[in-house]
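Before any questions on binding or motion, here is one chain by itself as structure tokens, the form predicted alone.
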């Protein structure tokens, strides 16, 4: 119960609210606690329950600039917040991170490179490793078979936008996936393979490998495999992995002035 104890200590003093979870209906849901209801905060966090916490932080800070928040974060949540700050979407100076280490079961299932935040308040660090098994398996196929594999997966897409809507790094007011000139509106499934290739390119240098997109997909498209391959390409060419360093920016985030690219 270390996180809950820490939250009680700082609520109303160091922070105005605590973004954590409360038990509800046999599960847990995100909730913004204040000093009056902090005792309702969950003390334990089931491995299988994850939410786009960083997206909630971004919206809260946009609605209340300067608000001081404590937030329960797993390793992927912290990586997302780091990237969002570099892109001017959150202010880490007004955040207190209450680090939650993923247990061995979740770390193994997730295949995360670092299943814990930089400072752990609750849980024990379990060393992970980036799972590129499916990436390597697909790369072992002849190009034609590999293309057929992805086209068959993309063909099942119902264009629910769940992958985009749950992604903590998707925050653009104008999205290319809504552009009729790129993705035909009303097409079901979307024009192949444009919809998912646009997202894959957009995730280059941004994806923190949280896996929420794949969890949200009702069809089970292996989106994480696709984005892990994109991440591998970016790292091999630019030595950059999103969320690792608060100081190093993605080489793909800034192109420069119009004169630089014309």
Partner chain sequence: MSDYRTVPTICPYCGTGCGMLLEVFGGELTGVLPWKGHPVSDGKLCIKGWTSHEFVGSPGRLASPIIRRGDAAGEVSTDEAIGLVAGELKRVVDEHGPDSVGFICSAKCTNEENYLVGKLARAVVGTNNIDHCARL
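Keep in mind the model is a prediction, meaning the values are calculated, not measured. Residue numbers count along the first chain shown, from 1.
The discussion below concerns the form predicted together with its partner chain, not included here.
Between 158-166, 103-111, 79-87, 123-131, the stretch whose residues reach within 4.5 angstroms of its partner chain in the predicted bound form through a non-hydrogen atom is 158-166. Every member of the trio 34, 63 and 212 reaches its partner chain in the predicted bound form with some non-hydrogen atom inside 4.5 Å. The shortest heavy atom separation between residue 24 and its partner chain in the predicted bound form is within 4.5 Å. Although the partner is absent from this view, residue 68 stays clear of its partner chain in the predicted bound form, with no non-hydrogen atom inside 4.5 angstroms. Though the partner is left out of this view, residue 41 does not reach within 4.5 Å of its partner chain in the predicted bound form, counting heavy atoms only. In the predicted bound form, its partner chain sits beyond 4.5 Å of every heavy atom of residue 15.
Scanning 67-81 for heavy atoms within 4.5 Å of its partner chain in the predicted bound form gives no residues at all.
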